[in-house]
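This document opens with one chain alone, in structure tokens, the form predicted on its own.
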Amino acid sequence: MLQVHDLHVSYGKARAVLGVSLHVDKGEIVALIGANGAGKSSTMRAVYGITKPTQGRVTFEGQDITGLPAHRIVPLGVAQVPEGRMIFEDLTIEENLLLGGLARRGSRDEQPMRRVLKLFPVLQPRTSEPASNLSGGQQQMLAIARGLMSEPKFLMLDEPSLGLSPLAAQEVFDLIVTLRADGVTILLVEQNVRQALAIADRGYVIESGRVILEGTSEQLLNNELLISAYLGVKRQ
């Protein structure tokens, strides 16, 4: 579904991504993991058209989308939930959701609001409230709901558990599993390695802008380098 080949991203003289290659097949959850500053978010931003890559190629369902702006990528069936949620706190929950549906693909008249709110019962009775009234976990749910308003078939989540309590983070990971069961393919950028790999089919580990490990979740969870560097455990 998604193919990234030899992707490079720079910000001026600073090189953030140095030749990342990865793929995501239809129906998968694929985790992109690594330490803060490793290049995970820069890779995602380049795929989504927020940052233009300096080199490399990105294809979605066989179509070259390299360097396309985000507003041309969304109608293809791609959505991103950015790091830090970036909801509009002064707008109501309903207004935030409606903004997420502005670039919907297709021409169906039926609005996805009702379907999206069924996935987020905590938001249903509060749609007229300002988004600032929500807790951190609820704001993350709103950010994901807003991304789903464009009816994507491919969803990119950037650090969805960042800053959340363990309970709220688990609710987000449970939701990701539900979305995959509903037919959404997911690329997950996440620092919480153990939880990300617990729900993912496969994963890539990025360090200093390069992929240093890849494999099934089981393979990565049993990799000595990953265990020592990212899970904080040293085997005897």
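Note that residue numbering begins at 1 and tracks the sequence as displayed. Since the model is a prediction, treat every value here as computed from it, not as a measurement.
The same protein also exists as the form predicted in complex with ligand ATP; that form is not shown, yet it is the one meant from here on.
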Please identify, from 32 to 40, 178 to 186, 58 to 66, 197 to 205, the stretch that has a heavy atom within 4.5 Å of ligand ATP in the predicted bound form. 32 to 40
Residue among Ala16, Val20, Val24, Leu226 with a heavy atom within 4.5 Å of ligand ATP in the predicted bound form: Ala16
Any of the heavy atoms of Asn192 lying within 4.5 Å of ligand ATP in the predicted bound form? no
Taking heavy atoms only, is Glu151 within 4.5 angstroms of ligand ATP in the predicted bound form? no
Consider Glu83 of the chain shown here, and say whether it contacts ligand ATP in the predicted bound form, taking contact as heavy atoms within 4.5 Å. yes
Taking ligand ATP as it sits in the predicted bound form, which residues of 140 to 172 have a non-hydrogen atom within 4.5 Å of it? Please list them. Glu159
